[in-house]
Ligand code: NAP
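In C-alpha cells, one chain follows: the form predicted alone.
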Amino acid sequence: MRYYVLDRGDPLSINLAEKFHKLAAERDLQLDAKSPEIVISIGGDGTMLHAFHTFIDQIPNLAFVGVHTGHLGFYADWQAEELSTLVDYMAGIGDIKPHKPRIVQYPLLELEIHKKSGTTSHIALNEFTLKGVDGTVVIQIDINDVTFEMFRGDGICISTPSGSTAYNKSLGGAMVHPSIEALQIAEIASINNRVFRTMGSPLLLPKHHHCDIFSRKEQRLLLTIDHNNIPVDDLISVRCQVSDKKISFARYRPFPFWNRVREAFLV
C-alpha cells in the first residue's frame, strides 16, 4: 500500500509522523508523495483540511485517515496512542486479517467565482464564507436563477454536511448527516429592515439546486474556502452547488457520524 503523511508541525505530531514512517517501513508500506492510496493526517481538523487541499487534484483516487493530536479532531478516527494499531490495520498483520478498509464518502462544495479579472473554480471540504473587509456586505442571493433575497450584514457561510459541525454550527445552522447531499446557507449577523429583508434562518439546498451570490456595491471582500483566504475587490458573483466529487475516508473500524458528533461536542 502506498501512503503519505501530513502532520500539524507541533512536536507531538512530528514525533508521531516519524514513528508512523518507522512502523510503516517495518511492515512494507510504501511512502509515496506523488500518488498515495492513503493520506494520513496527524493533527487536528485544520491538518485534515490542509491534507485535502494538498491532494485535491487526486481526490477520486485516494482516501484519508485522521490521527488526532489537536483540540477537536472531528475528522480523526484514531488517537495518538493507537498509531501502531492503525499501521497494523493498514498492513494487515498479526491478529488482524488482511482486508481493505470500508470507504466512506462525504459530499463536497463546488464554487465558481466570477470576478472582473477572471473566473476560477474551487472545491471546499467544510465551507465557503464571504465577508466584508471595511464593513457590512450588500449581496443578492439567487436560488436556481431566481432572486431570493437581498442581504446586508457581516456575511454568508455556505457549508457542506461535514462542515455543518464547524463554523455553520456557531451561526445556528443545523448539523447535517453527510449521507445527505446538500449545501447549507447560513447568515452572519444580518441586518433586517424594510430595505434589506432576509429569511433569518439557515437554508438547506439539495444536490440538484444551486445558489448564486452577487455583489451589489463596490466593496472589498474576503472569501474564505476552508482555511484559505482570498481578498477580492472586483467580485461579480459566486455560484455554489454540491460537487460531483466526494472525499473518501478509509475506515478500518466503525465510527458512526453521530458518535463522532457526540464525542466532539458532548463527551
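Residue numbers here begin at 1 and follow the sequence given. Since the structure is predicted, the reported quantities are computational estimates derived from the model, not experimental observations.
Although it is not shown, the form predicted together with this ligand is what the next lines describe.
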| property | result |
| --- | --- |
| Partner contact for residue 227 in the predicted complex: this ligand, 4.5 angstroms, heavy atom | yes |
| Close approach of residue 179 to this ligand in the predicted complex, 4.5 Å, heavy atom | no |
| Interface membership of residue 74, this ligand in the predicted complex, 4.5 Å heavy atom rule | yes |
| Close approach of residue 113 to this ligand in the predicted complex, 4.5 Å, heavy atom | no |
| Per-stretch contact check against this ligand in the predicted complex, the hit in 146 to 154, 82 to 90, 165 to 173, 179 to 187 (non-hydrogen atom, 4.5 angstroms) | 165 to 173 |
| Residues within stretch 12 to 27 having a non-hydrogen atom within 4.5 Å of this ligand in the predicted complex | none |
